[in-house]
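Just the one chain here, laid out as structure tokens, in the form predicted alone.
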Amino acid sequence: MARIGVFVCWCGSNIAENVDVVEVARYAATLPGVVHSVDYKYMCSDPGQKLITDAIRTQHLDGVVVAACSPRMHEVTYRRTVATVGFNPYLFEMANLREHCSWVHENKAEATIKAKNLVRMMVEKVKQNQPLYQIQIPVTKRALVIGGGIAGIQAALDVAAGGYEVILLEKDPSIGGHMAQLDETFPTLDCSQCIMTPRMVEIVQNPNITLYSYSELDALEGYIGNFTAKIRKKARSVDITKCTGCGVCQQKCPAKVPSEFDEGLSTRGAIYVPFPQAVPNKPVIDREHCIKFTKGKCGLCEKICPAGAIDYNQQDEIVEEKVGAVIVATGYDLLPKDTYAEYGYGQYPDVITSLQFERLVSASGPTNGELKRPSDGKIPQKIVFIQCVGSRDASQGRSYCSKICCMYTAKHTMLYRHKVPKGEAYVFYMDIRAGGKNYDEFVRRAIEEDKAVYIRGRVSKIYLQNGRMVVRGADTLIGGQVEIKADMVVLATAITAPKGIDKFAQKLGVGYDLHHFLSEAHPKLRPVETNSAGIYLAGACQAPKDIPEAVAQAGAAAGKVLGLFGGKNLCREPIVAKVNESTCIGCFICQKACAYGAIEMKGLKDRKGNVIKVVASVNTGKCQGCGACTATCRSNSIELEGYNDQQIYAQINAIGFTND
């Protein structure tokens, strides 16, 4: 005979406001098999959890039902609670009276009846539950970090500091990401390179970190704790074991290509190092623009290289690395330049992007930090900064805020006044969003101390008048039009997900949102995890982020990895699919339905070792317990542990028989 305890939570007033919780607890006590039923204001609190553990001991319970909020919120909490007194946590069930009842109904009497039904269903299910035990999986204690920007660097250093090996993968010739392009950072205005370059050097000096630059992930196979990463090391056409980094080849290269690092404001050779502080500081040949590869001529770099490091025949190489966890830190892109032609970009050379402005004021930039107009090299005496270019614009398909534009625009006005003390800075903005420590004070400083003129409104047109740009826009505070003659216009362009991230996410089995930013498992409770176990997110690949937030998230992702590696084995939830091999017909429709690649083929053998039947088998390391295979199985040979037919039918049969 079952001995079940029911514990009904008020959730403050979240449930009690629309559900008579006292009546629900009274009703639960009348259900067959229920020997104990109570209500409490905060069941998840310490006193509330003590009510549960005390009842398990004194009432000798063999089933527990908690009627409270969402299982996504506190199912793990209660499972841990019952486990502290030796109770199998999978003999516990949770009825959701908040999201499924109180929050969606206004009639208290009807909501109370529904709450009774939900409790009765879970009482009937728990009667059918059987003890389950966590799955033990061996773990390869090495991590793969994809992306060498500040988030990837921080994550790699943190995992390595925990004593574990790290593979750091970067698609560009050097690590550093966008942060390496910046001059100063808000809100402290400290030198970006001074912060970044020591961290970059730490990467190559750390014995626990292996760096693969100019490399990409070809494929990721396996499951949490046991991944196999296939990495494509792209042909650099330079043997970095021989190269001394002398730079002679770069100086003599006759090809001239717009520099990606300087955002097209300077040129580089076809053989190049992206920037002087690059790590590794070894060149790569851009085969798309190299005369040797495009026309079969030249070969000058090979002739003059004193170390004999040039290798035109070098091919891409695939290497495999075994890892137990993956941190994705692929960063962000900026809105493609051809999408904001209405502001005159591409038509007027002195209309530039915010990142181009960073390069112009940077000491390592094309003008060595002296702010000059791209058109004629003159110092601009009046600059207009335009915010929200492509952001918060549903007509462009980007309704989201790029988050950091308000702050870096304020920074740009300060940098401008430092370079040109008598210059005039104007900022067109929609709203000022400065959410962060000392952020609002920073914007006020730009307005009050550096005398930036902020105009609330949108720019409608930029045109030439007597050879000078005129910016026309609305000032919604005065209710009129404004025209400003400008020497330079700087566009705060939208942050976007990296190009091709959708296909990359599919390689990893990770979800992404409408704007192609990668999706976390839960925005509050699992903000750095994904729905693919063992794969974590860090930085702006998830959403626009500033440097402190990206670094904090990198540390959080690294902490998850260290937690995974901390035990001897990985403990997984036992709620996974299970195949009845005797009835499986081997159609493998379940394999096609499985989003996690958890269904494998298994050959059943006779006594002589001959394969007599091929059936489906579940890799419990990969299975996420979604139940898709169960729903598609034609022979009804797959069941989900904890949700078998008997348990589901028990719930269904319990509906509609309120015993008032």
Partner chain sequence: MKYELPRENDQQHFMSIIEKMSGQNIRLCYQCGKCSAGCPICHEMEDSPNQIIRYIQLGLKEQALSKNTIWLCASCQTCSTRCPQQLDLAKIMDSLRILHQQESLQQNIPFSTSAKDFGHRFYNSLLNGLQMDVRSNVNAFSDLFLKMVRHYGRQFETGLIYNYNVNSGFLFSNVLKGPMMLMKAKINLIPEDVKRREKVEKIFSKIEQLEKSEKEKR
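Positions refer to the first chain, counted from 1. The shown structure was predicted, so the numbers you read here are calculated from the model rather than taken from an experiment.
The next section is about a form of this same protein that is not shown, the form predicted in complex with its partner chain.
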| item | value |
| --- | --- |
| 4.5 Å heavy atom contact, Y408 and its partner chain in the model of the complex | no |
| Proximity of Q205 to its partner chain in the model of the complex, heavy atoms at 4.5 Å | no |
| A394 within 4.5 Å of its partner chain in the model of the complex, heavy atoms | yes |
| 4.5 Å heavy atom contact, P276 and its partner chain in the model of the complex | no |
| Proximity to its partner chain in the model of the complex (heavy atom, within 4.5 Å), stretch among 515 to 523, 374 to 382, 88 to 96, 336 to 344 | 336 to 344 |
| Listed residue that, although its partner chain is not shown, lies within 4.5 Å of it in the model of the complex (heavy atoms), from Q465, S460, T241, N438 | S460 |
| Heavy atom within 4.5 Å of its partner chain in the model of the complex - residue from R456, H105, K451, K507 | R456 |
| Partner contacts for 148 to 172, taking its partner chain in the model of the complex and a 4.5 Å heavy atom cut-off | none |
